[in-house]
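Single chain ahead, by itself, as structure tokens, in the form predicted alone.
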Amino acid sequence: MRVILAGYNVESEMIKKAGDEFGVELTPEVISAAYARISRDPRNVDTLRKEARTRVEKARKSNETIIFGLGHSSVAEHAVFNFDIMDISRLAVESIEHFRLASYTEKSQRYIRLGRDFVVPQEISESEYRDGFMELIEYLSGAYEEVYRRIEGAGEDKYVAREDARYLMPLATSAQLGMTLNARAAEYMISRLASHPLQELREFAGKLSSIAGKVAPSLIKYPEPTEYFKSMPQIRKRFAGNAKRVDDDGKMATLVSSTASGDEKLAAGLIFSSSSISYFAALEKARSMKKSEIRDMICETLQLIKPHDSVWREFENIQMLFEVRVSASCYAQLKRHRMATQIVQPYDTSLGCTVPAAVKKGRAVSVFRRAVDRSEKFYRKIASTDRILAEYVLTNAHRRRVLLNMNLRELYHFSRLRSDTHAQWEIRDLSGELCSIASSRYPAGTMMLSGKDGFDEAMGQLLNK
């Protein structure tokens, strides 16, 4: 066996310096081209890489033929980019981090005391809303400072004050993040965001296209907006039609649908993967088992698990569809769980806002409410002509509905992070509700659902059953 490190992330400044020093063009295209030839060229992979590295133009032509001619787009996944993204709004970040096949690390409003850094959307800066927008941002920033001081004055530490005062900051607040993605995902992101209704995201797509296209022109060839993506907002408006609003039940999480007899089907999956019988035969066998036998079978897969281990893939056979109602602050964390399917509605001021307990303790509710009301008043003014643009002036306290499709294996991962005592309080509450619903449906399959801090207790209960 031979394993060779073919490459790893290196800062672009160092790549350019090395390329200038050696008089060669360094591009991730050569890895894509070399790996594309593995299936049909008998030579060793490192030999293929060396040839591609010394013949860049040939490598580019090979990429174009294989990826865009023959349609083997997966080859582009071997070229990877790292982007520093700064001075972009929190609202725009929601759309960027919607894409699953990328990695993101975002500046946390939870740990950093925020200043008065915000983005002025071009659509607003060039409209009659500009002065009102600037006044609102100043007002919300001042309210944030006031709420922060009152929470600290009530005896809470600065970390609680940062975490909860940020609920008043608008979605226009500046953000920054690091993003890593492959060329195939980059081209898809660029094309999708180039078709977005917001100018900020179209500008972002243009910058990505310019930068990545210059480095890897054979991989980023079709970054233009498409009629398919551009049509989506108008189609959604037609789907909405004249749908009448119904009273909200006030619940944070509601189970819409779920896998019937999930514990049995989990046991059937375990039998199937461990034997040579069909799934139907395995399901019949599971149905003949007592509940205690199914529980014992599932227990056996969990008894050696550690807090950072994943449960077996068979747990993915249990699906749950939830409707959740969360603030923008909570959604900023929920959106990171990208493997779960998330269908989001626009923010809806009729759902009210989330008021942190620390705000009540600091006797700052009146300050908080006035700021939210002022935000909503200006939102309604812009939303009368452009509801998507109007979301810039909403706060982190405002809510939206999310349709969340999650399998049980994903819920285990979610609960380890979000039910833990170190998790932010609102998403911890959400995790608790999701786990409670799942546990009532699948008592055997959910025996080890817990945060990391509750893992030892859950394991003790498992072993004592």
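Note that the structure is predicted; figures quoted are calculated from it, not measured. For every residue, the number given is its place in the sequence shown, counted from 1.
Just so you know, the form predicted together with a small molecule exists too; it's not on screen, but the next bit is about it.
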Next on the checklist: Only one of 278, 108, 385, 127 gets a heavy atom within 4.5 Å of the small molecule in the predicted bound form. Which one?
Outcome noted: 108
Checklist entry - What is the one choice in 337, 150, 192, 295 with a heavy atom within 4.5 Å of the small molecule in the predicted bound form? => result 337
Next on the checklist: Can you work out whether residue 51 and the small molecule are in contact in the predicted bound form, taking contact to mean some heavy atom pair no more than 4.5 Å apart?
Outcome noted: no
Next on the checklist: in the predicted bound form, does residue 104 come within 4.5 Å of the small molecule, counting heavy atoms only?
Outcome noted: yes
Checklist entry - Any of the heavy atoms of residue 422 lying within 4.5 Å of the small molecule in the predicted bound form? => result yes
Checklist entry - Is residue 400 close to the small molecule in the predicted bound form, meaning a heavy atom pair under 4.5 Å apart or at it? => result no
Checklist entry - Okay, which stretch from 210-218, 344-352, 117-125, 96-104 lines the small molecule in the predicted bound form, with non-hydrogen atoms inside 4.5 Å? => result 96-104
